[in-house]
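Only one chain is included here, represented as C-alpha cells and corresponding to the form predicted on its own.
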C-alpha cells in the first residue's frame, strides 16, 4: 500500500519538472526551496506543496536525490578548482602552514562551511516544518529580492571601494574587486553565517552569500564563484546525511522518479552555473532582485 501510494503521489513528469527547477533555482539567487514550495502550489500539485513542510514524507526523500545531483554538477564544473583546493588542504596540513592561494582558499571554505553546517543540522527540520509553506515562501521571496537589490547598492558604497583599494585586486570588464584569496578568516566566517538565512524557504543560499561577498569587496564574478564553491559541500553533505531516507520506507515508490529527477537537476545545474559565471562577468544581481519582488508579490496575492 505504501509503495502504491507513493508512486501515484509523484509522477515521472513531476520529477523532471521539479528536478529542472531545483537545478536552476539552487544556483540562481532566487531560492530553490522557495520555488519548490511555491511552484507545486501554482501547478495544482497540492500534495507535493503540503509534503514539503511535513516532518517526514516521500517528497523530502525525493529532494535528497535532487540535492546530490546538483552537487555533482557543481563538482564537475569546478573540478579544476576543487583539485587545487583539496590538494592545498592536505598540503597545508602536512606543512602546518598556509602559503599558496589554493591552501588559503581551502581553509576559507572550511571555516565558512562550519556555521551553516552546524545550524542546518540543529534547526533545518524545525524551520522547514514552520516556514516551508506557500504563503510564507512567497513573502520570503520578496524579502530575498529586497536583499539582492540592497546588496548591489551597498557594493557601490565608498567604504567597500576603499576596502578593494587596500587589498590585491582583480579587474573585469565592468568592475574592480579584491582577490578571493585576500579574504581573512573572520570575513569567511561572516559569509558562512550569511548562509543560515537560506534555511528559510524563499531566501536564496547563493544570493545571500554573494551579498556577503560583495560587502567585503569581491566583484560579482568572484562572489558567485565563492558562493558556488561554498554551496558544494553544504548541498552534497546535506544530501548524503539524508540519503538513508531515500533507501528507507520514505523512498518506497519514488526511487525511480528520484533518479530521473536527479539527472534532470544535474543537467540543469551544470547549464545554470555555466550561464551564471559568464553572466556575472559583466552584470549584477538586480534582475534577480526584481524577479523575486515581482514573483513573490504575485504569489503572495494569490495565496492570501
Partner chain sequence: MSTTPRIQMRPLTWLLIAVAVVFVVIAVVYLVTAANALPSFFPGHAAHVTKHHTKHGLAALAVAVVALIGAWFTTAPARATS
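Positions refer to the first chain, counted from 1. Since this is a predicted model, take the numbers as computed values, not measurements.
Another form, the form predicted in complex with the partner chain, is not on view; read the next lines as being about it.
Enquirer: For residue 267, is any heavy atom within 4.5 Å of the partner chain in the predicted bound form, or not?
Expert: Although the partner chain is absent here, residue 267 would stay clear of it in the predicted bound form, with no heavy atoms inside 4.5 Å.
Enquirer: Is there a non-hydrogen atom of residue 242 within 4.5 angstroms of a non-hydrogen atom of the partner chain in the predicted bound form?
Expert: Yes, contact at 4.5 Å.
Enquirer: Is residue 99 near the partner chain? Define near as a heavy atom within 4.5 Å, in the predicted bound form.
Expert: Flag for residue 99 set to yes.
Enquirer: Decide whether residue 168 counts as a contact residue for the partner chain in the predicted bound form under a heavy atom distance cut-off of 4.5 Å.
Expert: Contact check for residue 168: no, nothing within 4.5 Å of the partner chain in the predicted bound form.
Enquirer: Under a 4.5 angstroms heavy atom criterion, identify the one residue in 75, 130, 93, 193 near the partner chain in the predicted bound form.
Expert: By the 4.5 Å heavy-atom cutoff, the listed residue in contact is 93.
Enquirer: 146, 121, 176, 135: which sits within 4.5 Å of the partner chain in the predicted bound form by any heavy atom?
Expert: It is 121 that has a heavy atom within 4.5 Å of the partner.
Enquirer: Which among 210-218, 112-120, 77-85, 138-146 is in contact with the partner chain in the predicted bound form, heavy atoms within 4.5 angstroms?
Expert: Comparing against the partner chain in the predicted bound form, the contact stretch is 112-120.
Enquirer: At 4.5 Å, heavy atom to heavy atom, what parts of 77-91 sit next to the partner chain in the predicted bound form? List them in sequence order, or say none.
Expert: Heavy-atom contacts within 4.5 Å come from 89 alone.
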